[in-house]
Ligand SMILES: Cc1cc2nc3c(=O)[nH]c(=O)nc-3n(C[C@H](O)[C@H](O)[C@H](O)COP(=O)(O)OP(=O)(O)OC[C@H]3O[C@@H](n4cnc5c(N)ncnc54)[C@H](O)[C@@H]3O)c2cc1C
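Form predicted alone, single chain, as structure tokens, below.
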């Protein structure tokens, strides 16, 4: 076996781009994938539509990164969102922009992205071995020698790039293998937690309303520096979900919720202030309609019935009999319904993994380990994660690009 080859462990977006960039310099590259196909997680991302990146500039991508954004400065300089889009456009992919700068293939099919990458791998002569799982990295005198497979075969190589992903969606093959390999070589692993996941709520009445959604809400986390996100909210059998909840979860995961439950506040009508809503109530206060039926202008009927029970206000209370204290309770719920967060959904259900290989032990200019020469990391295996909107995939592609270029030591670029 050729010791001069570069070995990439993991065939997700970071691994494929690392292999492509390493092979651009005419290096021999072996891509090892433990599944029977490449990019299983990429295939389902964005509901199968693949939110490839975000059109916002590199600074916005750093701002969208929750953990260790400064580490990504060089990676985004080398391969920013426009560079990534151009790469695929040059190979025939058409894109469309959606809300908040998100970028999707025009045909809403992640397979187009994967097919382009697979073809490019073959065109660059990358050797792909499917159904081959790496057990450990072979190292001698703090220098990479290659990898050892689960069947005890040793594959020699002068550089190894670990792109095994995180530990979310384990059914796609992301089972935390890279953390074990890195830890065995002396790397620190920042605590692994779910990122971009739904929230479990204490209030039982909310869980009886699974499936009800609300457009254009603002969700705030109290006592967390006015942290808030806006978007559509979904009630579930365990609590709440939706884009604003997913984004906030990656900040809430810093809290020990068992010891200190967090409180979120939901503003159902952020475009209206309390004075406007109060005026609306006063305008209807002379009528003989039931409060419950009037509130269906704001909330779905079933939700209205349950929240009035929660607020201890009879749903058949006539508007002209509504007490000021009761009106204030309803106004408070419309503009700031408070719910208690007692947990996050499990890591297996999270979109990304927070935590991972400590980036302080990795060179941000090359993605090479500071502990083992010839060892590189890229993608979700690193302690890097961002909010939703295409930012996490950009991190994977950018870090894979840098690692592959450095490992291949080539001047050419894709």
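These numbers come from a predicted model, not from an experiment. Numbering follows the first chain given and starts at 1.
Unshown form predicted in complex with this ligand; subsequent notes refer to it.
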*Does this ligand get within 4.5 angstroms of any non-hydrogen atom of residue 352 in the predicted complex?*
yes
*Heavy atom of residue 76 within 4.5 Å of this ligand in the predicted complex*: no
*Within a 4.5 Å heavy atom cut-off, is residue 44 in contact with this ligand in the predicted complex?*
yes
*Do residue 51 and this ligand share at least one heavy atom pair within 4.5 Å in the predicted complex?*
yes
*Within 4.5 Å of this ligand in the predicted complex, do 169, 177 and 181 each have at least one heavy atom?*
yes
*If you check 32, 359, 66, 372 against this ligand in the predicted complex, which one has a heavy atom within 4.5 Å?*
32
*Name the residue from 133, 124, 301, 284 that puts a heavy atom within 4.5 Å of this ligand in the predicted complex.*
133
*Heavy atoms, 4.5 Å, this ligand in the predicted complex: which of 22-30, 384-392, 66-74, 362-370 makes the cut? Say which one.*
384-392
